[in-house]
Ligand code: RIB
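Just one chain follows, in the form predicted alone, and it is written as structure tokens.
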Amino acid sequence: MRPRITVVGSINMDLVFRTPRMPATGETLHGHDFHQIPGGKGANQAVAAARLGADVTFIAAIGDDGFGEFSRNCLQAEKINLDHLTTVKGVATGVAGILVTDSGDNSIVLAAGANASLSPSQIDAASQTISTAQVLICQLETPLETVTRAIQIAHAQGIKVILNPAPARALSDDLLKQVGYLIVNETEAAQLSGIAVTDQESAQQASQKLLQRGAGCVLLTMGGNGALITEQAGSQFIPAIQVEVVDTTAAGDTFVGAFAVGLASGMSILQASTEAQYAAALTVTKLGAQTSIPQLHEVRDFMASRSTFLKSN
């Protein structure tokens, strides 16, 4: 059977500008090109999980505009269940303005739009869907009270909870105690732990702090510097997969979606994280968010070509 994953999160239309570098304050900079690509952390993670083999239900909100209609069509094409996708009248769909440099770095500005309308009542209406999933995935591009309600429902039913606290904001210890798997990058780990992450040692210190605050397992992704898995029993480091970087957009989202699929499929945390690293590495070799997320066969072929992953099945 295919893994069952429910995602609560955001939908954005990404307006992507390729630039030679980041502009200085007040500077007008000529870009190389422009792309309009469906995105949003929630949607990206839902698409990643679907492409990597899961049955995905997505709880989200869009505006009654062209971006919303386009986003819905793209998600339907991925065979994602949209029974709990709400259209908010008179409100714009979320938008992200993204600058991507020639080196692959990016900067993002968000306008939440309909994402800010996703309410706890909509979560309650979807409680049966959350309760029958194997894994719940949440991020923080929708209201915190909505995310909190979804996590409460899943935790009460013994459903595995993955929280990707991005963009980072203050979170209570009570909420973290309901999170089985906290997936953070260096910036998010630093903001939530109060410990600057500059190397593997400080990454471990920050991860330990987050465990003390209540998270069951911390996965700290560090881009080209690999990823660190920290549990009460100890830590494991996963080296980065070396590839030619085109655009880092959605690499973290792909990691989250791939990890969720691995977890729901019965893989160990190390196995699921390793496969997620390969999926994320493939993502950075292409431009854009959902346009760069790989299919399962692409990830498996890539892993086989590197000959370092021990398959569990």
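In this text, all values refer to a predicted model and were calculated from it rather than measured experimentally. The first residue of the shown sequence is 1; numbering continues from there.
There is another form of the same protein, the form predicted together with this ligand; it is not shown, and what comes next is about it.
Chemist: Would you classify Ala250 as touching this ligand in the predicted bound form, given a 4.5 Å non-hydrogen atom cut-off?
Modeler: The answer is yes: Ala250 has a heavy atom within 4.5 Å of this ligand.
Chemist: Whether Ala92 contacts this ligand in the predicted bound form should be assessed with a 4.5 Å heavy atom distance threshold; does it?
Modeler: No, Ala92 stays farther than 4.5 Å from this ligand in the predicted bound form.
Chemist: Report whether the minimum heavy atom distance between Gly257 and this ligand in the predicted bound form is within 4.5 Å.
Modeler: No, Gly257 is distant from the partner.
Chemist: Would Ile98 count as a contact of this ligand in the predicted bound form, using a 4.5 angstroms cut-off between non-hydrogen atoms?
Modeler: Yes, Ile98 sits close enough to this ligand in the predicted bound form that at least one of its heavy atoms falls within 4.5 Å.
Chemist: Given a 4.5 Å cut-off on heavy atoms, tell me which of 108 to 116, 224 to 232, 193 to 201, 130 to 138 is the interface stretch with this ligand in the predicted bound form.
Modeler: In the other structure, the partner sits against 108 to 116.
Chemist: Using a 4.5 Å cut-off on any heavy atom, which residues of 35 to 51 would contact this ligand in the predicted bound form?
Modeler: Sequence-ordered list: Gly39, Gly40, Lys41, Asn44.
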